[in-house]
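The chain below stands alone and is given in structure tokens; this is the form predicted alone.
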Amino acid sequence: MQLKVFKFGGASVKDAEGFINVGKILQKYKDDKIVIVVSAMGKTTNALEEVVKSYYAGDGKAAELLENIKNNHFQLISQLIPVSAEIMDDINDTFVEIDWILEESPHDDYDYAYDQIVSIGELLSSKILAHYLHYMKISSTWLDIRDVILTDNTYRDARIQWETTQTNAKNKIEPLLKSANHVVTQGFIGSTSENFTTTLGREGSDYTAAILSYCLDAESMHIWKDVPGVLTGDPRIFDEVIKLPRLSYKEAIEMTYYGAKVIHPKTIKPIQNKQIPLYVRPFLDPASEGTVISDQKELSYPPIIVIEPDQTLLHISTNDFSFVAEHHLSMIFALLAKYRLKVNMMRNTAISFTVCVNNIPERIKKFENELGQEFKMITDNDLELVTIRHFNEDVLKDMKKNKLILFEEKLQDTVQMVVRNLPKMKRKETQ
């Protein structure tokens, strides 16, 4: 069976106009066999995170915040299709699961509750899209991805149980594609063996699409974005960025590892393993091929700049000024893994170890507490991690302007710097 996997992110389905545009794209592929992976609409994930925070804060606002999310989705439905009892019941049933949670006292495990609540964003958007495609008479059916993707119990950053997931995908999705051309499902979420919902990490819908591409031996995977393709920098930060028409898997893996937001970091490896090409395409210009990522040989690339904001440097030293030895590093890395603090840069000296991580205060605090009395830790906050792939001296010099360099490392064709922005000082005028 020739199969494509399409992924539509939150920007693609942020409003009624977005859903209509997705429908137009799928109309062009109405005779193709496609698995469609959908993110939560617009800023729904952020809004659901606020529900979780309010629920745990006990400020009495959680139900009101959830009601606003309900109203936004019902308003969207009224703009798309004739409202029916079927779709209203379908959407209401999804919200009821969260209503029940909010009526109980908060679970001891915040991350567990987070996954049960925040995951409904994808369930809602996928159900609405499925109903809309049915209204458009596009052959499709809806699938709960939790019946396919099995994970461990690491809430908010679940690990895939690949063998069972691959079996589930073959047994559950392939039969559906025999009776309908399109299967609509959710990104970002999975399920444990006890049937508790898990999530795969923020922006994890790309990863879901890659998992399904791998498990179903897709001929190609397509990520539909609000940019022309993969660019040499974030257009919200830089002027005069250019689109890269082609990338190798290796270069894409490097870019995403260093923090490029256009693709989730875990996306590339599954499709590389089966040589499945990935197309990053603009949803506002569906005729464009965008950027294709494949097994082509390495090319010559222009400088590519990735900015990771909100970074923290952790300076760890032993209290007795002994060497930071292998058993110290083993303990530190075990704790970094335990609290899911991604190491973006690191350096060790005889008596200290410095690591750059994303600033997640609650995780950093737990990490520091568990380090114990043997270590001292000092933090530097409000930093940026600047990565320049295929750098030249002109670009490097420009990126250092008005920056305090706290930490710099040069590899063969990559420079990384942890920096703090400096104000432009002007001499005061004398009276």
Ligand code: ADP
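Just so it is clear, the model here is predicted, and its values are computed rather than measured. Residue numbers run from 1 along the displayed sequence.
Quick note: we don't show the form predicted together with the named molecule, though the next part is all about it.
For the chain shown alone, Arg236 is a contact residue for the named molecule in the model of the complex, at least one non-hydrogen atom being within 4.5 angstroms. Remark: Lys274 does not count among the residues lining the named molecule in the model of the complex, judged by a heavy atom distance of 4.5 Å or less. A residue is said to contact a partner when one of its heavy atoms sits within 4.5 Å of a partner heavy atom; Val230 meets this definition for the named molecule in the model of the complex. Within this chain, Gly10 lines the site of the named molecule in the model of the complex, having a heavy atom no more than 4.5 Å away.
This chain appears without its partner; in the model of the complex, the one residue of Leu80, Val262, Leu341, Leu102 with a heavy atom within 4.5 Å of the named molecule is Val262. Exactly one listed residue, out of Asp285, Asp226, Asp217, Glu97, brings a non-hydrogen atom to within 4.5 Å of the named molecule in the model of the complex: Asp226. Partner proximity in the model of the complex, defined as non-hydrogen atoms within 4.5 angstroms of the named molecule, places exactly one of 133 to 141, 169 to 177, 351 to 359, 218 to 226 at the interface: 218 to 226.
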